[in-house]
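Only one chain is given next, in structure tokens, and it is the form predicted on its own.
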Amino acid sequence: MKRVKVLVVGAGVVGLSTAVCVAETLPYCSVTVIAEKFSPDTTGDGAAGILLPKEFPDIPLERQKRWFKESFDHLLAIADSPQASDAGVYLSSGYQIFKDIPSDKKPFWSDFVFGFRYMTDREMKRFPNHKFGQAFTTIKCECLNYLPWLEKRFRAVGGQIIHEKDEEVYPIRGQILKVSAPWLKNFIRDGDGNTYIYPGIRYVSIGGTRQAEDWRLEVDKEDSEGILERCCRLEPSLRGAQVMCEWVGLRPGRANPRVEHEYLHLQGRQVPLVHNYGHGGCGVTLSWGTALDALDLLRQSLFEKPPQARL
């Protein structure tokens, strides 16, 4: 097969995962990543990177399960390998707690993480404002390590990098604090997704905000105060923690991730276009699974007959 040029737009965790999948699997493709920002300046570099999916309304549940399982298995293999330290990937245990008992106490992802169980009454006494909790072990992927590691892997198979600006989708503003609290080992996440404590290698990430259509990249002091107060209610020992920095990022948001392909009519030709974006706060969680889907869509579009252009 003749050489095929593939352009991947975006160098966050989804873009680089897709580029690596294509470059390593399809040797007849010449793959280039084009983006305005690369690590350490992407939104992913500030993300806590905990693998914990949410359920999207308009995507078949079996497809969502596959995305999460493939991402989990991929990162678990790295966590169990000698490359774990360089990649910043490791197992992390903790709790997800709820102010009200959820309608689905055993979510779809519970079969893929390790040791999923309901929290005991004794454990719940730590959180008097919450009625129900889940305990489990998942994976934490620190993008400050993982993205450069992916980029190195991409370059190793001949991938090319171009710095250039692109604009699309709407932002979901996220603000977190990075604090020094080395005594914390287990994560705690409120089931509403707005309050969480994620211990990491260098610091503990506490958050957060999810503000749609908000383009502000400046730190909001009221948001910081609210984050600190909510997290201290969950973990009082944080009142003695030193705030190392405050961070703001904009996630690409949609009601559902878009993972599909179409054709563009350019200069008399039908050119395949594969979409893989709009993961919101689930970028790390679903990155490898949707990258494999995008790879299959690309492979399909390269071998199928494109539709006839309308005159």
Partner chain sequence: MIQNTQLADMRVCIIGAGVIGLSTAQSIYQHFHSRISPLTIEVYADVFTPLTTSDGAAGLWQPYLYDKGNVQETKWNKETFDYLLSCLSSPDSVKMGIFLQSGYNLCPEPLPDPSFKNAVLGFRQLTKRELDMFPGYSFGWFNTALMIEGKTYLPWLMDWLRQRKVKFYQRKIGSFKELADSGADVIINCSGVRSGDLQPDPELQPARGQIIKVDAPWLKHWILTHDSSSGVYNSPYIIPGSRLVTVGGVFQVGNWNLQNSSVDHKNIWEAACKLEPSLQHARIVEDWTGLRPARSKVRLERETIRSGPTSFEVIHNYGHGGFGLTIHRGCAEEAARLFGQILEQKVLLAHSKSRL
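Residue numbers count along the first chain shown, from 1. A quick note: this is a predicted structure, and the numbers were derived from the prediction, not measured.
The form predicted together with the partner chain is left out here; the points below concern that form.
Enquirer: The partner chain isn't shown here, but in the predicted bound form which of Q160, N129, N186, N194 has a heavy atom within 4.5 Å of it?
Expert: Answer to the contact question: N186.
Enquirer: Considering non-hydrogen atoms and a 4.5 Å limit, which listed residue (S205, Q175, S92, Q96) is close to the partner chain in the predicted bound form?
Expert: So the residue touching the partner chain in the predicted bound form, by this definition, is S92.
Enquirer: May I ask whether L7, P40 and W215 all come within 4.5 angstroms of the partner chain in the predicted bound form, judged by heavy atoms?
Expert: No residue of the spot touches the partner chain in the predicted bound form.
Enquirer: Does any heavy atom of G133 come within 4.5 Å of a heavy atom of the partner chain in the predicted bound form?
Expert: Although the partner chain is absent here, G133 would stay clear of it in the predicted bound form, with no heavy atoms inside 4.5 Å.
Enquirer: Might F108 be said to contact the partner chain in the predicted bound form, defining contact as any heavy atom within 4.5 Å?
Expert: Taking the distances in the predicted bound form, the answer for F108 is no, it never comes within 4.5 Å of the partner chain.
Enquirer: Is the gap between Y146 and the partner chain in the predicted bound form 4.5 Å or less for some heavy atom pair?
Expert: Y146 lies outside the contact set for the partner chain.
Enquirer: Please tell me whether any heavy atom belonging to I201 falls inside 4.5 Å of a heavy atom of the partner chain, as the geometry stands in the predicted bound form.
Expert: Because a heavy atom of I201 falls inside 4.5 Å of the partner chain in the predicted bound form, the answer is yes.
Enquirer: Quick one: which of 205 to 213, 150 to 158, 109 to 117, 219 to 227 gets within 4.5 Å of the partner chain in the predicted bound form, going by heavy atoms?
Expert: So the stretch in question is 109 to 117.
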